[in-house]
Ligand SMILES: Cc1cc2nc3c(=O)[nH]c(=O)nc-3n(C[C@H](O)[C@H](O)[C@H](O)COP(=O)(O)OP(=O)(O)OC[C@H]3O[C@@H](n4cnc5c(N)ncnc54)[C@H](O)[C@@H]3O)c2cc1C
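Below, in structure tokens: the form predicted on its own, a single chain.
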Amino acid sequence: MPPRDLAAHVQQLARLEVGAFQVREPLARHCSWRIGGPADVLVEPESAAQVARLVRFARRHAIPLLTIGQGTNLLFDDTGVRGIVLKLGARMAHLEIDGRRIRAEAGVWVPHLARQAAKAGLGGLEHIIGIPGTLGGLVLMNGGSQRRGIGENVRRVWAIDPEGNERILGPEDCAFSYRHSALQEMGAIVVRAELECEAGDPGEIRRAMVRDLRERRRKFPRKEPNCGSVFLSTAEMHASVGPPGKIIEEAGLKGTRIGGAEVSPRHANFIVNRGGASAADVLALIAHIRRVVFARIGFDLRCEVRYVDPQGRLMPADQAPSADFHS
């Protein structure tokens, strides 16, 4: 937004009571890669009503609006994001358990959700224990691990549509598939979800989670900022050429570095920030990996991580112009 418009809109937001907000907030503070320029305005609502109010405000004034959680799967542009960034985090993180049902707000930290389920003797969420994100993004992307997705457990989703109306959706409306849901095409903002789990033994559930975390610590980089798996793994890929980490390692790319971005020596499907990495560094490294792999085995790697352009548009990082390996 131009400075004059920004100042005027900030005054209006203060009167609207849409939650806590900050002006020209560095997005590097709000993502696990620690990369990204400033957002014009970053807002942290405390309720679904505030989210709806903010959506209607942005729509009325034609202001770009981007919704994020903890930014664990996002690469923000070096110039930041123009418009409003809506962050669903600790201010919207209420969770309650009723029998085999869990109702939780979008800002609930996923490992906390998994641990609370285990404590209550509820199984089926063991696979999410090591996912460092929030529930809203997990539901939107049908996230999970071990080739499972949270959609298996979703019974209802409360979401705000692009007009600022609250909608209650069932699994059939969400159309969950591998790392995808219809919520993305709807432009919906997930504010709450109800999950159904299976009864189990708390001790066994906790032991399964401990095994998962131990394996993650053994395989994945932990100290350097990263976003988790960069490239998408599918059943078709596994059957034909193997998982992305194996493909990239066999191409001799472990440890490859551009600027401050490096292919992790521990796991080749991770790109780590060695210090001072820019979004341009990461996108250039993604393009290089894709180019080398395609030349070697003819397979076009696609990204799981999302790039956010300066207009707040979200896309798989391989669709960013500078990540085009043909260029």
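For every residue, the number given is its place in the sequence shown, counted from 1. Values in this document were obtained by computation on a predicted structure and should not be read as measured data.
The form predicted in complex with this ligand exists for this protein as well; it is not shown, and the discussion that follows is about that form.
Contact with this ligand in the predicted complex, defined as a heavy atom within 4.5 Å, is made by all three of T72, T134 and L140. At the 4.5 Å threshold, heavy atoms of S32 reach this ligand in the predicted complex. This ligand is not drawn, but in the predicted complex it has a heavy atom within 4.5 Å of N226.
In the predicted complex, this ligand sits within 4.5 Å of a heavy atom of T67. In the predicted complex, this ligand lies within 4.5 Å of some heavy atom of A188.
Here is the short version: of G121, G80, G144, G164, the single residue with a heavy atom within 4.5 Å of this ligand in the predicted complex is G144.
Of the candidates L125, I247, L88, C174, L88 is the one whose heavy atoms come within 4.5 Å of this ligand in the predicted complex; the others do not. Partner contacts here mean any heavy atom within 4.5 Å of this ligand in the predicted complex, and among 247-255, 166-174, 126-134, 197-205 they occur only in 126-134. Scanning 272-303 for heavy atoms within 4.5 Å of this ligand in the predicted complex gives no residues at all.
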